[in-house]
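A single chain comes next, written as structure tokens; it is the form predicted on its own.
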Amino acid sequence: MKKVHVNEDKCLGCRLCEYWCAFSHSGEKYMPDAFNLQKPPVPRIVVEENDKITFAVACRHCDDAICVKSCISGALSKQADGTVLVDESKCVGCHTCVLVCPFGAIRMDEGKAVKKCDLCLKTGGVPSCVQHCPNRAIVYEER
């Protein structure tokens, strides 16, 4: 299965991946409109900084996903292709998945549903973070 992989040696910490991810999930056609909404969109990938290293954190769609096993409402599920998705209508906001994710890839939102990388399946198939990373630090490939 193809997954998003990040090479921290190439990450500039520019956060463009966050902006493009949030924009691609906003439903807007023009980026400024997306960020001028009363409730700005939430990125599913987040850049972390640790000393002199910056790296983007995204869901790894684990083979044995502990987040799916711990979800009390069945909102998290593993698809036949290996993708781990959130059904926001089922999420009760308990945030257990946030606590158990060993990579910190599931984010809380202002609403009750959590947010995580969905590999941009609904927005084009190639993740926006990969398409718009200026230094090619983020790749979408099978390893």
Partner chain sequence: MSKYVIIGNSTAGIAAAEAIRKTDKKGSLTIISEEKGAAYGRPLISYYLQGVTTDETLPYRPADFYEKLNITLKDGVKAEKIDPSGKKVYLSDGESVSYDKLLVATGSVPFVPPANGLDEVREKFTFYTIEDARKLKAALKPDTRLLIIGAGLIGLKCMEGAYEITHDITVIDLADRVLSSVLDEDCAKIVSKKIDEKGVRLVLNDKVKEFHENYCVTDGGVKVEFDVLVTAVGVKPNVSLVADAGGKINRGIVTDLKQRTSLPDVYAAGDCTVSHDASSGADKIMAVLPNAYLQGETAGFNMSGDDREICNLVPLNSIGFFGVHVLSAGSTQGAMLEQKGEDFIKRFFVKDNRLTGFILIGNYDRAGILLSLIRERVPLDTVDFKAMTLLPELAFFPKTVRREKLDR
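Computed from a predicted structure; not experimentally measured. Numbering follows the first chain given and starts at 1.
This protein has a second form, the form predicted in complex with its partner chain, left out of what is shown; the following refers to that one.
In the predicted complex, is there a heavy atom of its partner chain that lies within 4.5 Å of any heavy atom of Val86, even though the partner is absent here?
Flag for Val86 set to no.
Heavy atoms within 4.5 Å of its partner chain in the predicted complex: does Gly74 have any?
Judged by the heavy-atom cut-off of 4.5 Å, Gly74 is in contact with its partner chain in the predicted complex.
Under a 4.5 Å heavy atom criterion, is Ser26 part of the interface with its partner chain in the predicted complex?
Judged by the heavy-atom cut-off of 4.5 Å, Ser26 is well away from its partner chain in the predicted complex.
Though only this chain appears here, would Leu37 touch its partner chain in the predicted complex if you measure heavy atom gaps against 4.5 Å?
No, Leu37 stays farther than 4.5 Å from its partner chain in the predicted complex.
Stretch 45-64: residues contacting its partner chain in the predicted complex, 4.5 Å heavy atom cut-off:
Read in sequence order, the residues that approach its partner chain (within 4.5 Å, in the predicted complex) are Val46, Glu48, Glu49, Asn50, Ile53, Phe55, Val57, Arg60, Asp64.
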